[in-house]
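Heads up, the chain below is alone and in the form predicted on its own; it's given as structure tokens.
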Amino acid sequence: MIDLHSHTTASDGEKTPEELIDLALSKKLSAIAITDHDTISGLKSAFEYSKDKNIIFVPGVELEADVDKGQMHILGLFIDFENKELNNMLDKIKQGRINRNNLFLQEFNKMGFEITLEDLQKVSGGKIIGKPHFAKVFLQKNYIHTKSEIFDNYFNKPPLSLIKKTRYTPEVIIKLIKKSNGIAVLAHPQSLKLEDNELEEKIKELISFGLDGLECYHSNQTREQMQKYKALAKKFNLLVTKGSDYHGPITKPDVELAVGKNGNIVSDDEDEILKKLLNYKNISYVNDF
């Protein structure tokens, strides 16, 4: 089995990069990608840790693109995590996150919630802080009973919904992934909330920027959607990838590494998916680390 979409404590996951690799080994995965949100801070230690292990480690990142409808996340797989341009972009995104989080804190404090930056740092391990970390603090303080409440009642409504994160266009993100010797993959296409014809047009546009693949297998996609995305990948000669979007049993209790939700992403073509990725022209550098 393989899993090309997972998160660690470097962003909003629950396991350290080393712990995640150990979990992958215990499940006998042949390949694991760490694709933390907006950061590559966990990749170097993961790469070093995986060197003498019987597993292919894929350095990656997940970036949110600025789009008008739905959400567009783009994975960079097999990236050169020492690429200066990529690191510069991520530094700007990180600073934007810090500014946004400060604004979130101000608004929550105005509402009467006693929450501090120190509270957030404790649950995040002092690394990148995101909305899931706010949810964890709210749960700890009994301000909410379920994680979804903070999104439904606060983050998805003004004034918090008006506070935007730093995002780049799909073109900028894809071209930067390519500059860092990676392959660019449209993650969980269903999150775009597009009709079939709209999705095809969007994929054509992304291909013009250099898109390499589609995440056809994802925990939040139905079998019907997965087959539809595989057909689109074939039609446009794109790579197929598979990812659980694993975060951990607390954050996403129904998502299991490499398996998804109740085994929904297990497939009989995983060896073929991995083989095509390893043979792809843009990742020939991987053995040179």
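When you see a residue number, it is the position in the sequence shown, counting from 1. None of the values given here were measured: they were computed from a predicted structure.
In what follows, reference is made to the form predicted in complex with a small molecule, a form of this protein that is not presented.
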Although the small molecule is absent from this view, report whether residue 168 comes within 4.5 Å of it in the predicted bound form, heavy atoms only.
-> no
Applying a 4.5 Å heavy atom distance criterion, does residue 210 contact the small molecule in the predicted bound form?
-> no
Contact label in the predicted bound form: residue 136 to the small molecule, heavy atom within 4.5 Å | no
Should residue 230 be counted as a contact of the small molecule in the predicted bound form, where contact means heavy atoms within 4.5 Å?
-> no
Exactly one listed stretch (96 to 104, 83 to 91, 201 to 209, 113 to 121) reaches within 4.5 angstroms of the small molecule in the predicted bound form by non-hydrogen atoms, and it is 96 to 104
